[in-house]
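The chain below stands alone, shown as structure tokens; this is the form predicted on its own.
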């Protein structure tokens, strides 16, 4: 295994102080938060690994670009700058900004659901995508390879579609009842795992065979492109931008939370290859939902920063260090025997909490219990990606059992040092040593939609 980790391709120009708290203080903070890390105040968190969405550090070029923002309500020059960059990256014709990824989803997905009984099929839907599919009146089906669920065994592209199962589902449900195939890259719920170009090409062939639209949920498309360059034969000499263009050629629609691989604190994108009718529907629908089509919920300065960030995210030295930070933390945990999704993905280390806390049943949320324990140990805030996040069956209302119970240690971009990640590793390892003391959780309050964001829990006594 390569143990060398590259130094950051940047130097520090500005710092933000963070507070160290006592365990007694953290016990009180967590109780007040209803044992849900989402409800903790950020000032009470020492190292925040809740998400990489909008939490990274912007470059000096992005901060300078903020000053160039054109805040015109309609026809902002900042929009046309953003549009030019997005067209360069994707080679698609139509670009509409949104305030973030879920803003893009709430505009596009309802346009594709024109009758009852429709389905979207994905390698794995993430939480907001699944929610917007269901809110639009369709159902979300996941179709990922079995290797995804074997967290101990190496596979270079654990995020891949199971293409045999994909075609089987299409035939079972009927091609006319498939509203779209969503390629999630990287595959977040699988552990930030990449999808190979070969696999995406096979998905496109199946989609063409049955005349089904292909969407890319590409919040981390640049990271996926880097994995392809590193792991897939024939791509080692291609640039990240060339790989991205080849990826986008395999889809019809690109939805993005640009708070990830846009390296910005806010922003989303709706990008449509050539379907002018769909573009016009989305352009109309975005006005009441997000804002005028040339700002879509963003200030001009946000579009300026995003225009720069989208290009910076394609730089190979940045991507190498980004993935090395994740690998560094994963290696520390594996060396101590902590079970993780292996190999590590692009934006986070995912701890396998079915193996970490096997005594806690799925409907008492083992990964959430581990998250809380890690916060109590060192003030580190992770997030649960498991049955708590998955929610309930929209028809039966029964708790769904996630095939993976994961704690996600999500690393913000260009934000923390290797020393911070050593603190994280030490905290997780200490909790692992005392894992038999962990207890499950039950609801004190359960919201009807996306419950993991605002639910309140209590220890199951």
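Residue numbers count along the first chain shown, from 1. Bear in mind that the values here come from a model prediction, so they are computed numbers and not experimental data.
The protein also exists as the form predicted in complex with a small molecule; that form is not presented, and the subsequent description refers to it.
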Quick one: in the predicted bound form, does every one of 154, 328 and 341 get a heavy atom within 4.5 Å of the small molecule? no
Of the options 304, 290, 105, 223, which one has a non-hydrogen atom that comes within 4.5 Å of the small molecule in the predicted bound form? 105
Exactly one of 296, 180, 101, 300 has a non-hydrogen atom within 4.5 Å of the small molecule in the predicted bound form; which residue is it? 101
Contact segment among 232 to 240, 252 to 260, 371 to 379, 318 to 326, judged by heavy atoms lying within 4.5 Å of the small molecule in the predicted bound form: 252 to 260
Considering non-hydrogen atoms and a 4.5 Å limit, does the small molecule approach residue 76 in the predicted bound form? no
Is there a heavy atom of residue 161 no more than 4.5 Å from a heavy atom of the small molecule in the predicted bound form? no
Would you check, heavy atoms only and a 4.5 Å threshold, whether residue 51 touches the small molecule in the predicted bound form? yes
May I ask you to state whether residue 188 is within 4.5 Å of the small molecule in the predicted bound form, using heavy atom distances? yes
